[in-house]
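Here we start with a single chain on its own, the form predicted alone, put down as structure tokens.
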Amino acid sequence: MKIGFIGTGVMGSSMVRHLLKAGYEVNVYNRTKSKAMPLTEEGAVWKNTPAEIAKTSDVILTIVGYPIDVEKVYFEEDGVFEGLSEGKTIIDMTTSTPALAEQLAKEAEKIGVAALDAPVSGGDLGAKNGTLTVMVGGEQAAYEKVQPILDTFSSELRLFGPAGSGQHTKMANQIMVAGTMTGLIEMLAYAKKAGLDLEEVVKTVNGGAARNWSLENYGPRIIKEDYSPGFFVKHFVKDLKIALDEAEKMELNLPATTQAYELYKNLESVGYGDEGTQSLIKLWWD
């Protein structure tokens, strides 16, 4: 089975490496070609357009930046849908909108193609270690068919329902992450102001009831002043906006998530959109 992979950024490049290691033939495409070239040296095959990826692959995975990027990759000239044929499977792993996931599924169904929305959580470390959490929406048969592929880079993999369900689950995930990240940042800001040893605080707090993924993975990075993107601020702003838009459609008020969105939007506006989400501390420490 040949895999097509579109989007070889921070997450995608590591995911491709796991697929290659598992023995799959992988075709790759990225808007910036240079980012995909290291993968071709490791065995992946470069294709010039998303349409070429779709023509030469049985299962096509995409993980790009924004919903508008998903639309371009699939629907524009030389896009994925130009190269698809009956019996293939598309899996969009971008964190996008449930409505767009449903649209992809409907368009795919017209030509006999299976479609899954399968956003991931776990950041750059999860991608590198092959321990991503994958939240899937779509048909059971399509999910079972590609499960071995998704298993190559995930430790938690689950189908939640029809098209769009994976994206809704990712929104729930991002709402939770917003809470843990703002908690982490305010905890460190408080501890520093109180004159405490930050390394000892992180170790101690992480051993008690406040233990969480953000604290464990981003606390040490902040102390080292490492703001490299495991997950971009600009993408988190996008995700929280989607979550709040979906909540509004459901007439659900999320005040804590709204506050987190405003904080990250502020951080992006002062020039930190391309840094990691842990750079939120700069609103206090800078």
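Predicted model, so just to flag it, every value in this text is computed and none were measured. Only the largest set of C-alpha atoms that superpose within 1.5 Å between the two forms is called the rigid core. The numbering used is simple: start at 1 and walk along the sequence shown.
Only in words, not in the display: the form predicted together with a further copy of the same chain, which the text now covers.
- Contact here is defined as any heavy atom lying within 4.5 Å of a further copy of the same chain in the predicted bound form, and by that definition not a single one of Y74, K106 and L125 is a contact residue.
- When you look in the predicted bound form, the only residue of I149, A142, L159, A99 with a non-hydrogen atom within 4.5 Å of a further copy of the same chain is L159.
- Among heavy atoms of I90, none comes within 4.5 Å of a further copy of the same chain in the predicted bound form.
- Taking the partner from elsewhere, A243 is found to have a heavy atom lying within 4.5 Å of a further copy of the same chain in the predicted bound form.
- Shown alone here, K193 lies within 4.5 Å of a further copy of the same chain in the predicted bound form, counting heavy atoms only.
- a further copy of the same chain is not drawn, but in the predicted bound form it has no heavy atom within 4.5 Å of L20.
- Applying a 4.5 Å heavy atom cutoff to a further copy of the same chain in the predicted bound form picks out no residue from 81-96.
- In the core-superposed comparison between this form and the one not shown, G183 has its Cα shifted by at least 2 Å.
- After superposing the rigid core, the C-alpha of P67 moves by less than 2 Å between this form and the one not shown.
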